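Only one chain is included here, represented as structure tokens and corresponding to the form predicted alone.
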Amino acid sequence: MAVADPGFDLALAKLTPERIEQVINSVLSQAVAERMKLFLKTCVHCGLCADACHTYLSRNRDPDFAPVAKVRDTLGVMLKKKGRVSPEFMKNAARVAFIECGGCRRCSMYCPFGIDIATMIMTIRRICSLLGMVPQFIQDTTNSHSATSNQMWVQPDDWIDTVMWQEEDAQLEVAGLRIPLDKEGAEVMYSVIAPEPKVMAQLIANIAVLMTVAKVDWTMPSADGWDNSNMAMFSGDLEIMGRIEREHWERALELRVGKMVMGECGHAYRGAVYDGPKWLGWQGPPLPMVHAVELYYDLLREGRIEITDKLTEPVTIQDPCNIVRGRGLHEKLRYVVHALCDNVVEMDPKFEHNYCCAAGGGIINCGAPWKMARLKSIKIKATQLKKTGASLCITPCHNCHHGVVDIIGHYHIDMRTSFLIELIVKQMKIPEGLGV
């Protein structure tokens, strides 16, 4: 049954073959086109990318869902026909690029030639964005970034009110705790994503407790630049992506902080450290940035926090693509988890070989119309989770967290999820004099 999505259907009615040809050829400049052609010509159809893809494996090894087929039947046709394709063709290409691939790069890791399928998929998304053919839900997040500098339409006073509210909640755990805003010269600027003040505000209180107990000199910005989720990176609107990243880094530079710490979000870390700076023409980020997993690791290794109550129930770990396959934090992640838990049951496969949750890369942000397609394409993850027998899955990434919640609900797995920070604040010692 066809899925109705106004982002596709309204664009389809407006597109002309002439407009499609013009946009495709503007994106596929000679240099870009030659690179894409080289990727396609290099492929020997060995099948290793297919066996690495959770969508292909979850859909009974249907060859149409193999990574090579996804790009051959979309970008490959655009190149061959020099952009002379129909609006209906573009609608199908958009469905493939936004719904059937999140750019997790597991397939590229297994390709003997290192063909970058994710870059090819993101090139298709760029074309679709310029044509206005983007799923409605993820386009709304891009519109929100443009209008409010965050992905969930959080207004400036709502941001401040939420921080003040979470400061009060955190004071129930640590007397006199403050969440410092706009503190110039702080050691750390802590970055969150918009779902936290919008729907998961307790995570702000949690990090405030951790920072206070560990005596971290930290701050958060009071104005735009506090949200770095940057869904425009995945909708294909690179202009807004770059604007968000510039604003984020400029805020940190204005505050003269020593480094940035990104909360438990893999795609926000990727946008700030890799995609954003590259689009802006920078050699790299203007300041050091570490992911929350690295912060927790350092605080535990340095003895700045003490874990006194370890979990004994069986737990497993979801390896977020952008911080494990993309950043190599699997060992530091295990160090933190083992500091918190006595009974860790690893998934098989694990580390950089772990299967994607199928929520990242903007897929979950395509919204309710595509939820069932997403869950059908991640059946193998459900099997992987069930085999662990764990009752808790630690998900140190917002997309992984919500993706695994959907999986365990749909496939009726007796398991719950948790961010690392939620476990840390429950299980660490509050020193005398700080407790209420």
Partner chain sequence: MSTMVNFVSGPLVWIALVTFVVGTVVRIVLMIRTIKLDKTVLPAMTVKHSLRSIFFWTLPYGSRSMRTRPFFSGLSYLFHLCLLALPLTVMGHAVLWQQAWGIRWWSLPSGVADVMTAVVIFAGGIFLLRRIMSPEVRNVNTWRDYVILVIVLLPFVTGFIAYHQWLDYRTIIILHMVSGAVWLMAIPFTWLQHMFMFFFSRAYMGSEFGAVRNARDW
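Residue numbers count along the first chain shown, from 1. No experiment lies behind these values; they were computed from the predicted model shown.
Keep in mind that the form predicted together with its partner chain is missing from the display, and what follows is about it.
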Quick one: which of 368-376, 391-399, 25-33, 404-412 gets within 4.5 Å of its partner chain in the predicted complex, going by heavy atoms? 25-33
Wondering, does F89 line up within 4.5 Å of its partner chain in the predicted complex on heavy atoms? no
Is G83 a contact residue for its partner chain in the predicted complex, using a 4.5 Å heavy atom cut-off? no
Using heavy atoms and a 4.5 Å limit, would one call T42 a contact residue for its partner chain in the predicted complex? yes
Within 4.5 Å, heavy atoms only: does M109 come near its partner chain in the predicted complex? yes
If we test each of K198, R95, R327, R334 for a heavy atom within 4.5 Å of its partner chain in the predicted complex, the one that passes is R327
On the criterion of a non-hydrogen atom at 4.5 angstroms or closer, are E306, D342 and E432 all touching its partner chain in the predicted complex? no
Using a 4.5 Å cut-off on any heavy atom, which residues of 286-313 would contact its partner chain in the predicted complex? none
